[in-house]
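First comes one chain, alone, set out as C-alpha cells in the form predicted on its own.
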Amino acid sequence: MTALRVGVVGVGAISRFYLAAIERSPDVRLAAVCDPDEAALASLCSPTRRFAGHRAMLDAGGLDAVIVNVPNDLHVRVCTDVIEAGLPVCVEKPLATTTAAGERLASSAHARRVPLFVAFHRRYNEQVLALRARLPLAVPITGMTVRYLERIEDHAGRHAWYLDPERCGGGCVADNGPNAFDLVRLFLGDVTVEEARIDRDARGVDRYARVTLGTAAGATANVELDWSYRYGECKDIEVKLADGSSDRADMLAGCTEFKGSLWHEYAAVMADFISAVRAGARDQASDGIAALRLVAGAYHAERRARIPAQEDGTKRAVAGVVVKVLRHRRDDRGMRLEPYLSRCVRRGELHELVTTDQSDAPPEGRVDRVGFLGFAEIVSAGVIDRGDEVWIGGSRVGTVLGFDACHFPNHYNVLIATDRPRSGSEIGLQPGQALSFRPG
C-alpha cells in the first residue's frame, strides 16, 4: 500500500517521538512540518517541507493525515482547520481544555466523516499491556491505583504554557489526568468521580491531586497526580482482585533514558492511527470525551468539597418575570464569577440571565462562552444560591453557576449552567413569562 503522507503541526517536546515513529514506519512518510518557531524548524534533520503556520501547510496540499502536537488551548482551533480540510487528525491528549469544546470538535469530525484520533500513549505501554494480559479473566478487579508523579519543569523544558492554567486547562489534572483516567477506564470501563483533593500554587496551577473514581459495580480507583515530585518520576499501576491478590506494572521499567518508554508508546500510537485512517474509522474521539468529563468531574468534586454547607437551611423560591429577550451569543465575553456563592435580590430589581456551558468554571474564574437569555424583574425578594434551579415558563433551563458583577450596581449577570450556551430567542423566551429560582 502507498505510504500515507503525514504532516506534523508543532515541533515541541513530544514531536521527536512522533517523528521517530514516522521515520521507522514503512506505512507513512513525513510530508510536511510546521511551527512558528524558526529555530525549532531549523533544528530538524528531515528535508521535508516546512511552514510557519498550519493553514499554510494545509493550503499547500499533498497530505493524507495530520498530527497535532501544539499547546492544549490550541488543539481545537488547529484540529477544526484540519477537519475542515477533510483530513484525518491525530491529536495529543487532552482533546480540548473543556468537555463542551471537545464535544463540538467530535461532532464536527463526525459530520465531515473524518477520523479524530486522540493519542493516549500510556495505553500502549508494554508493561501496562503485559499486566492486562496476565490478569485472570474470571476474577473481577475491585480496586486500582494509578500514580503519575513527576516534576513538570523537567518535562516542560522551555515550553512555559504548561504552567499557564489558561493555556494548559488547569495543571496536572488537566494535562496528566487524561492519561491516568484513560488507564483506569482501560481496566475498569466507565467510571465517575467520587472525590477529589487538588492543591494549587500561587498562579492557580494544580500541582498535586488525588482523585477517587468508582464504577457502577462498586470497584474504586485512586489516581495520584504530582507535578512537584522531587525524586525523578514515578508512573505505575496497582490492581487489586476479588480473590485478595494484587499485581502491578511499572510503566518506566527497563527504561534507562528519561522519557524512554515514549519511543515504543508513540510507535504504537502511530500504528493505531494509521489503521484507523486506512479503515476510514470514525467516532474515534469517544475516549477523549470521556477523559475530559473526568477532568471536569475532578475539578467539580474539589470545588463542592470547598463549598460550605448553607447556614440558613431551607428557603423559599425567588420569583420573577421576563421583561426583555436577548438573542446573541459570544465566545469571548470575559466574565468573571464572583467569589460569593449567593446574592440577595430585592423586589423590583432587574438582573440579566446568561447561559454558559463552562460549568467547571471556579469562583473568580473566567467565563467566555455565553448565551444571553434576557432581563428579568424580581417579583418576590429572596436569596439566589449557586446550584439553584432556574425555571422559565414551566421549563427547567439550568442551574445557577454564579454571578458576574461587571455591570454592578446597575445589575448582576446571573450565570446559568446549561449543556450549551443558548440565547433567549433560541429557547422561545417571551416578555411576561414567569420565572423562578428554586432550591437545588
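Residue indices: 1-based, along the sequence shown. Please read all numbers here as calculations on a predicted model, not as lab measurements.
The form predicted in complex with a small molecule exists for this protein as well; it is not shown, and the discussion that follows is about that form.
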property: Candidate from His121, Arg185, His351, Arg207 lying within 4.5 Å of the small molecule in the predicted bound form - any heavy atom; result: His121
property: In the predicted bound form, the one of Gly62, Pro47, Gly394, Pro36 near the small molecule [non-hydrogen atom within 4.5 angstroms]; result: Pro36
property: One stretch from 217-225, 72-80, 334-342, 290-298 that, in the predicted bound form, holds residues within 4.5 Å of the small molecule by heavy atom; result: 72-80
property: 4.5 angstroms heavy atom contact with the small molecule in the predicted bound form for Ile14; result: yes
property: Distance check, Thr98 to the small molecule in the predicted bound form, heavy atom within 4.5 Å; result: no
property: Distance check, Leu262 to the small molecule in the predicted bound form, heavy atom within 4.5 Å; result: yes
property: Ala40: touches the small molecule in the predicted bound form, heavy atom cutoff 4.5 angstroms; result: yes
